[in-house]
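We begin with a single chain expressed as structure tokens, specifically the form predicted alone.
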Amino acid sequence: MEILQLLISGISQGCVYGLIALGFVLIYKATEMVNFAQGDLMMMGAFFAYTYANVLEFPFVIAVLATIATMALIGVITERLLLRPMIGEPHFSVLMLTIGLGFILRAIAGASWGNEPRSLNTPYAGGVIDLNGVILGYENLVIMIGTALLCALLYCFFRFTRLGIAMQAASQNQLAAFYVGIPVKRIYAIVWGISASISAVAGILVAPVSLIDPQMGFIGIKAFAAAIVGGFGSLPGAILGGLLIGVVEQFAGLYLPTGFSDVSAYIILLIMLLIRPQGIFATMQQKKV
């Protein structure tokens, strides 16, 4: 029973890591940029959800949709104003820009909502399902179902829509995509919007089980580790890497000495870099020069 309980908790936490890792992978595949502000976008999504649901008292579904739309707009604006002028600049410059963006978002959140932890009101808060002694909270169930639905939606989007196929083409060869008429810069903006929306969903899902505060975005560091473990460039790998780290964290917290739970993600990352640097799903292609 204890193992099943830990497994459920680990899968729930791993889904959150996986969703944030999806944002990392989407942006990298399309633009070859690494957005270290991804976790802070999740934090902003959680705060907007709190504002719409708790402060403005929108119906929960409306609050969710408004949060996703708001974060999509923020993602597009961020790409247009900050990242697009950096096209062609060294990757290190872009990396430092996104790290700085994370600091700015945390400062904005602290100034706007304060540093006091807050909780998100949801219609399913506090509910549990007893599975012969294994307790499954409604919050954890919603996280798992929400992650599964979002992954299915993304699969259908990239597999069956013209825009999704255009995004895949741009991620494979930006110059060739431009020559065949694909608006690559517009694709960049849409990818940032989608990535920010996914982070918003992660923030909405994790908010009922974790208090909302400006520092919650640091979870993005573990999500980055999950993206590398899964294969930095693989969407299924991002989810699998997140699940692996989430489950190991739970078991490490119970069976290993104090402190190992917090560093288990980085231990897994180091082991993966030593034995399989390309990650579980090796999809990144080496460029010839």
Partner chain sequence: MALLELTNIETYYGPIMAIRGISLNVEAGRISVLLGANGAGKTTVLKTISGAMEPQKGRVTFNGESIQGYDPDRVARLGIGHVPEGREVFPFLSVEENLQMGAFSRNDPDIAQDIERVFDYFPVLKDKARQQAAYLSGGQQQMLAIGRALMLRPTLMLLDEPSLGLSPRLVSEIADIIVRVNDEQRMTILLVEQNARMALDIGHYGYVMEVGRIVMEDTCEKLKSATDIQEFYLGIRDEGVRGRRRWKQRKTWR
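Positions refer to the first chain, counted from 1. If you're wondering where the values come from, they're calculated on a predicted model, not measured in any experiment.
Unshown form predicted in complex with its partner chain; subsequent notes refer to it.
- Only one segment in the set 101-109, 206-214, 74-82, 170-178 has residues whose heavy atoms sit within 4.5 Å of its partner chain in the model of the complex; it is 170-178.
- The closest non-hydrogen atom of Pro183 lies within 4.5 Å of its partner chain in the model of the complex.
- When contacts are judged by a 4.5 Å heavy atom cut-off, Ala166 counts as touching its partner chain in the model of the complex.
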